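Same protein, same chain, two forms; see structure 1 and structure 2 below, as structure tokens.
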Structure 1
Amino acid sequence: MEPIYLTIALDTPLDRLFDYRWLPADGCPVPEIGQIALVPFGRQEIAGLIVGLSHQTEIPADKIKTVLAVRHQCPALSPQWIDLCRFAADYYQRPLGEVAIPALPKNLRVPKATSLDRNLKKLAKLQLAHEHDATPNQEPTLNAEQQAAVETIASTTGFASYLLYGVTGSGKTEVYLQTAARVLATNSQAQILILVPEINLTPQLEGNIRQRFSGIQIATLHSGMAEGERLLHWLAAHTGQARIILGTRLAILSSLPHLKMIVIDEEHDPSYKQQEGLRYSARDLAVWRAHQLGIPVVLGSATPSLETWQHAKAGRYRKLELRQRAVQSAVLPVVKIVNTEREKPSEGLTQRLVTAIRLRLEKGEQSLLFLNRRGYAPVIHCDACGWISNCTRCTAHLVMHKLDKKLRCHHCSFEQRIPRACPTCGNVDLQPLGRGTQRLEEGLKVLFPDARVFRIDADSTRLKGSAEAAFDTVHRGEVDILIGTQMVAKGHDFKNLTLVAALNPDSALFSQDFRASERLFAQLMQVAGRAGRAGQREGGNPSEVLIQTRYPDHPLYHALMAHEYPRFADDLLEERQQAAMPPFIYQALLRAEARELETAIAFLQTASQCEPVHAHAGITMNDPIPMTMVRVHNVERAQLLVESNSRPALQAFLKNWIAELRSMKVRVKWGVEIDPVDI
């Protein structure tokens, strides 16, 4: 038999596909497009994706290598999935292999397929254990707004983008679940993809889904899973056995042959944007994938991103509103501003906040103190000579972690023991500056010695499963005062929580990041929404939110007090339009890293001249500048911003420009990010 030539996408920076020869063998099936092949590449053996088949090639016989193996036991990836990867590769200006291959589980890419065979056997057993009955267990009664949303989404035929805009506690999750039940009931093979922004939000939602849909198989996909477990769940989705797939941003690139609806919960969250490797937006890819397949996509949030809000205003997305909380007796918490210029805090707490916490303790209710700064103190310093604890490898401070007796950099992970004396002058009286969650916890335990004080942040939940266990502790009512960072701000339903306090949120008001106020409003609105979700108990306290600030007259806080997101968003959109900022302009960012900042800046200066901007109408190229965090891990970083009021024009320019950059021989690490979220 004649050999067959396979065109294969490999995970390399080279923007091309590779041809290999496949020799037919007795009893061995012919390879298919979408299958995984093991091939020699240099001195390695790596996995690639077959994207083309041919019976002839122009490559000389002595130059073409032979395929080592084809993973016939794994069903081929669909043409729609390959098209999704092609779109992502084209839009984000990356080779196809750099998109498709990392999207596959690691154990599917290794030379030996023993893990694949083992998981396929497990999958067969799981299939027998599930009856594939999509009929949900008893569903809660919906209010009129929820019912209207479910009816609208479930009756959709073809592609439609819905913004499910609902106040915190309005029952958006219930809308997702009951709509999913309708879709699953009308199609015996249908799959539903539900995305959440963070890993720690998956256990609670997964528990609700499993309880509701006990008869069908559910898959979970996120980066915190062991590789073997992730492969098993990916295969369940890929073979169509799993009917509901719950995951973080990486799940948008999973293989789902019978996908019929996509849900993006908390769609505003910046965690949906990948910040390394392929810097894709899972939210944007979800909308494109829904359009590709002709299915509905639901974007849910109490504080939608300005991009989504503008799409809804322009009619590209249909807005469905939930204006009231799902629990009839639950009302939105009263938001109050505490002026810290008048009421001076002691150990970070004003007297009004201390009194409010004590009142909750007397009633047996829970309080949440939100401080988005982990560690004990952001920095320590010496009063005698002015020394401060700077990181030697980054333009950042070393954060004091008192419990570990360490100073730690949150950017490069460098750490050292807390010095007993000032390294510069020998002064032994070193003082912490500022306040982190650990210091707040210490102060609360002194102030309320009988209260059960509990802290949830990235330091207290390092171990696998520790975050889930921590939230379970709160849900069981074993915590009186909860201290948390952004981990506790969204998605969690604390039944007995009636007081939320936000400490020191002002720094975001004066950030150079033009998105800072949008993010701060979303963060505060989300954390405020944790209060009073179960309704007011008889004799209990009304739910309350206290925001300690030095700027009580700031418009952001006034909008928050009125729970007036639409007005706040419309004002921000007007400012963005006047300033020619996203979503009214499209951006790409060229970043460069080198040992010396001058080297990175010089590369960007050269890059700005290698593709004539005047040849591309509507393109603006800004000057190279150092990044806000200039040095990380002894690497100096700079950036160059490119803008256009036309997305197609920007894409056309980038295609030519990046080709020029790839031809340059430089000792600088560089990368282009499309639609950057951090500038």
Structure 2
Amino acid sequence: MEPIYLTIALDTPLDRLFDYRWLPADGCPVPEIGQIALVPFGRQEIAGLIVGLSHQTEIPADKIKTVLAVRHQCPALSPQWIDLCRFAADYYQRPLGEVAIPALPKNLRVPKATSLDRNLKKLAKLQLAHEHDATPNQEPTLNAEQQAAVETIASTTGFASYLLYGVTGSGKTEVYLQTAARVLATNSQAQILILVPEINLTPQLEGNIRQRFSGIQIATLHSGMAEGERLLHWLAAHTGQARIILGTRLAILSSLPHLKMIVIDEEHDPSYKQQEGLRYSARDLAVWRAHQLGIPVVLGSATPSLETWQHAKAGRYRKLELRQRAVQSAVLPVVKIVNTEREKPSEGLTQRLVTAIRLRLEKGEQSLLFLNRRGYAPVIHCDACGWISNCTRCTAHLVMHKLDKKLRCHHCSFEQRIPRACPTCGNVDLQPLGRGTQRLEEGLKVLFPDARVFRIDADSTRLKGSAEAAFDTVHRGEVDILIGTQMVAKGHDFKNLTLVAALNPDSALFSQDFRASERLFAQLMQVAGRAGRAGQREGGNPSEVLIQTRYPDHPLYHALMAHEYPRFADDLLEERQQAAMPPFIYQALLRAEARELETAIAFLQTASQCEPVHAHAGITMNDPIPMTMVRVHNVERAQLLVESNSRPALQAFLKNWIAELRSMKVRVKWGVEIDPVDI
């Protein structure tokens, strides 16, 4: 019998596939495309994805190696799934294996199959334990707009993108769930994928889904899961057993053989963009996947990304608007601006804010102070000689953390004890500059000695599970004043919260990053939404949102006050169009890093002038520039922005360009990012 050769995709930056010989053994079936194979690669043994079978190979016989094992226990990945990976690989300009392999659970990729076998047995038990009845438990009555949205989405045939646009409290989640129920009811195998920005911050949604659909299997997929558990849930999705899959961005690359609808909650959220390795946008891949399968995709947000907003305006996405607040008696919070030029804050708080907090304390209601800066003070300095606490490895300040008496760099792992005296002049009077959440907490405890002040940020919730415990404390009403970073902006509704204040949001207004104001608006809107949901008691006043700012006339704050996202978004889009910026043009970023900035810049300079640049039309090549934070961990970085008004033109150029750069063999680390969001 002539040998069979398998073409296998491996997780390596080498832009090619690898052929292996397969030898039949007793009782071993011939491998199939889509199965996982264990192969020798160099001196390692790694897992690969079988993407081709053949009776011949161009690889010389002395080079070819033999497959070690094929994971027959695991059903093959479908051609559609491989095509999804292939699309992502092409679009983001990476080899197929670098997309497909990391998308699989680690325990599927290890030499031993023990975890796989164990979890397959567990999965079989789960199969038996479920009723497989997708009928939802008691569904709340929808208002007319919600009902219309459900009808529209559920009656979709083929591909359609929907923007479900509605403020916090307008009942988007209920639309997702009742639409899901309808889709599940029409097809006894149908699977629904629901993506959320961060699953740990939205346990309420997971609880709701499990409660509503208690008869079917629900899988969750996110990066915080243990490997065994991750494999179990992935297999539940892959075998079609799980009917609803709730996950973070990584779930968009999971295998879902009967996928019939995709929901992306808070579609504008930056965490849908992977920021390391394969820098994909889960939202964009979701739309592609829906198109590939001919199914609806629902993008929900109160502050849609400008990309999505523009798609809706152009009619490519259908806009479904929820204008009413679905929660009975809930009204929009009143947004007020406090001018900090006129009214100077003390300890970060204006008198008006202090008064507002005091009023809440008297009424037994909660206040939330939003300050997006953790630590005690962002920097310390010496009055005598001007020394400031800089990180020696990064272009960044060392942040003062008073509780553990440390200066800490938030960009590398560096930390040191807070020096007793100035390292340059010996002055013992070092001063903290600015204010982080810890310092705010300290000040509030002095100002309101009888109030229960509580802080939620990455430092206070470092331990696994402690974030959830912290939120529970707030929910139980054991907190009067809550201080939080952006962590508190997502997911949680605080029933007794009637005051939200943003202490110092201005820095984003003048950021180098043109997307900063779009993000700030979304963030403020989201924090504001934490209040005034179920919290409105009969006849009570609406919740209050106070924005402390030096720029009270900024259009962003005016739009926020007027609850006018559409006009704000339209204005931003107008600006973007005038200035030829996304979403009206397409971008890619070539980043380079080296010991010396000059080396990185020189590489980018060469790259910006190499042959493919001249061979392609319709490409705008900008100048190489140092990154805003030039040095991180003793590495200096620079970037080169490439633009085009044609996506295919940009794609074609990048393909040739990257091939050329690869052949250059330089001593800098570089990489290309498509559709960058942090510039």
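Given the structure is predicted, the values throughout are model-derived calculations rather than measurements. Residue 1 is the first residue of structure 1, and the numbers go on in sequence order from there. Between two forms, the rigid core is defined as the largest C-alpha subset superposing within 1.5 Å.
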(request) Please match the form predicted on its own to structure 1 or structure 2. (result) 1
(message) At a 2 Å cut-off on C-alpha positions, does Asn372 qualify as shifted between structure 1 and structure 2 after fitting the rigid core?
(response) no
(message) Given a superposition on the rigid core, I'd like a yes or no on whether Ser255 shifts its C-alpha by 2 Å or more between structure 1 and structure 2.
(response) no
(request) State yes or no: after fitting on the rigid core, is the Cα displacement of Leu398 between structure 1 and structure 2 at least 2 Å? (result) no
(message) Could you tell me the distance the CA of Asn200 travels between structure 1 and structure 2 after a rigid core superposition, in angstrom?
(response) 2.4
